[in-house]
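In the form predicted on its own, a lone chain appears below as structure tokens.
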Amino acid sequence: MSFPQGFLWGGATAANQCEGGYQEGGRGLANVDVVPHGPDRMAVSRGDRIMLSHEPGYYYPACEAIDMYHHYKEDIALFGEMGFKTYRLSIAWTRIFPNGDESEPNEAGLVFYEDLFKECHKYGIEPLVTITHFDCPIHLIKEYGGWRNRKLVDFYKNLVTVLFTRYKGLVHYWLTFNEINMILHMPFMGAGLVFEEGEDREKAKYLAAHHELVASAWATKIAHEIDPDNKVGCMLAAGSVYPYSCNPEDVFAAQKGNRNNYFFIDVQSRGQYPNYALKEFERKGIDVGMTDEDRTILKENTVDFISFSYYSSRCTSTDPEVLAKGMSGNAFRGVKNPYLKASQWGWQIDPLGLRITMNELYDRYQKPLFIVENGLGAKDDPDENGYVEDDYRIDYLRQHILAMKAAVEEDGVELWGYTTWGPIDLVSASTGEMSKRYGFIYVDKDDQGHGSLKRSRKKSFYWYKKVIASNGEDLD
């Protein structure tokens, strides 16, 4: 068999996209709560449009999302029915520390996640917990400027110490920051950054990134000290960058594109800033405020494994005519690869690209991999019972699992697990839509927030159950 016994099959969500209950249990306001649905969403996510509270005339989908805050027992039971071995979820920072800078945590928030983790274990599901998934308390943005301020490192250390202590024995797998490289593309979502007129944005983003990298290393150190059984991983928005042509200029542009993404994982996995980044900072006059303590913490506390999301590969060119026809996939801009088809949202579909990406990551780091997001956002047409014949989703996942299997079986890549993105329909991070559905479980809710929230099984629910039961051997 391709996958070892104990391979961790499951699904992945984020608190801000599914949990809701944004004012319940003492929870504070977070950046993700004020990112609206509609045309201003990306401008707010990038920090271009400053929005630090709810404004009239906007719909904020994260506030209720799919209300997993009240439905988690029902939802985890459905995951258990599918046979999940793991469930990746995230902690809402403001449930634990409503403002982010308190000295003592909010007990109601701690109890909520404790109950949730115990519910997972009831079905034999191992929690895989993302500590920060596009989540920064609004108070830390208003008072300190988000992650551009080094003080957030200490607030994060306080957060993780509480989490590792309280959930010792309940959680063994942790991720520090979701898609840490997304700070370059959606800095408000990734680091709570909003920009003032004339500010050097690139310097601000890399300063914030440095603080997150140092905080991640501290979290790894603290996790291992509190419980030596803890496994801590980093998390990358992955997808190899291809050159549009064999023109050496295009090949070099693709290499630089890959470096921009791998830079963060180079630090988290190798323990130091790579030379190419140091030279780039030197040319651009970027000073991240590196201290001797930072160097030591980074060097001595590298991650145990590399986790990543994969939805599509990317393509780049130096030809102005090709660049003029650029397309957007997720938050990344690129050029259209003429050899690939695309989803309804324009994300190019490239199963072989997953195998390529896995090999690149494993060759580069020689650490175990964990695919923690992979899925197809598509419009579903349910019948009167909420049942969806989503063969398109099944086909997408089948092809990607086959590529994953080849990387393990034929290329020797060490892979710990696979969690599909959105095992249950949830709010899209990029668009704020519910109609961009990923789940095996349909949730009755529309893009304007209307619906009963009723859950129902899709065709893919039964297919994925069979995949897990066969440990990835039965993909028909």
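Since the structure is predicted, the reported quantities are computational estimates derived from the model, not experimental observations. Residue positions are given as counts along the sequence shown, with the first one as 1.
What comes next is about the form predicted in complex with ligand BGP, which does not appear here.
Contact residue in the predicted complex, chosen from 400, 133, 95, 393 - any heavy atom within 4.5 Å of ligand BGP: Result of the distance check: 133.
Scan 436, 445, 46, 27 and let me know which has any heavy atom within 4.5 Å of ligand BGP in the predicted complex. Going through each option in turn, the one that passes is 436.
Answer for residue 350 alone: is it within 4.5 Å of ligand BGP in the predicted complex, judged on heavy atom distances? Looking in the predicted complex, residue contacts with ligand BGP do not include residue 350, since no heavy atom lies within 4.5 Å.
4.5 Å heavy atom contact, residue 421 to ligand BGP in the predicted complex: Result yes; residue 421 sits at the interface with ligand BGP in the predicted complex.
Report yes if any heavy atom of residue 441 sits within 4.5 Å of a heavy atom of ligand BGP in the predicted complex; otherwise report no. Output for residue 441 is no: heavy atoms all beyond 4.5 Å of ligand BGP.
Check whether residue 311 has any heavy atom within 4.5 Å of a heavy atom of ligand BGP in the predicted complex, and answer yes or no. Yes - in the predicted complex, heavy atoms of residue 311 and ligand BGP come within 4.5 Å of each other.
Out of 53-61, 28-36, 66-74, 422-430, where are the residues with a heavy atom within 4.5 Å of ligand BGP in the predicted complex? Selected range: 422-430.
If we check ligand BGP in the predicted complex, which of the residues in 157-188 reach within 4.5 angstroms of it by a non-hydrogen atom? Sequence-ordered list: 178, 179, 182.
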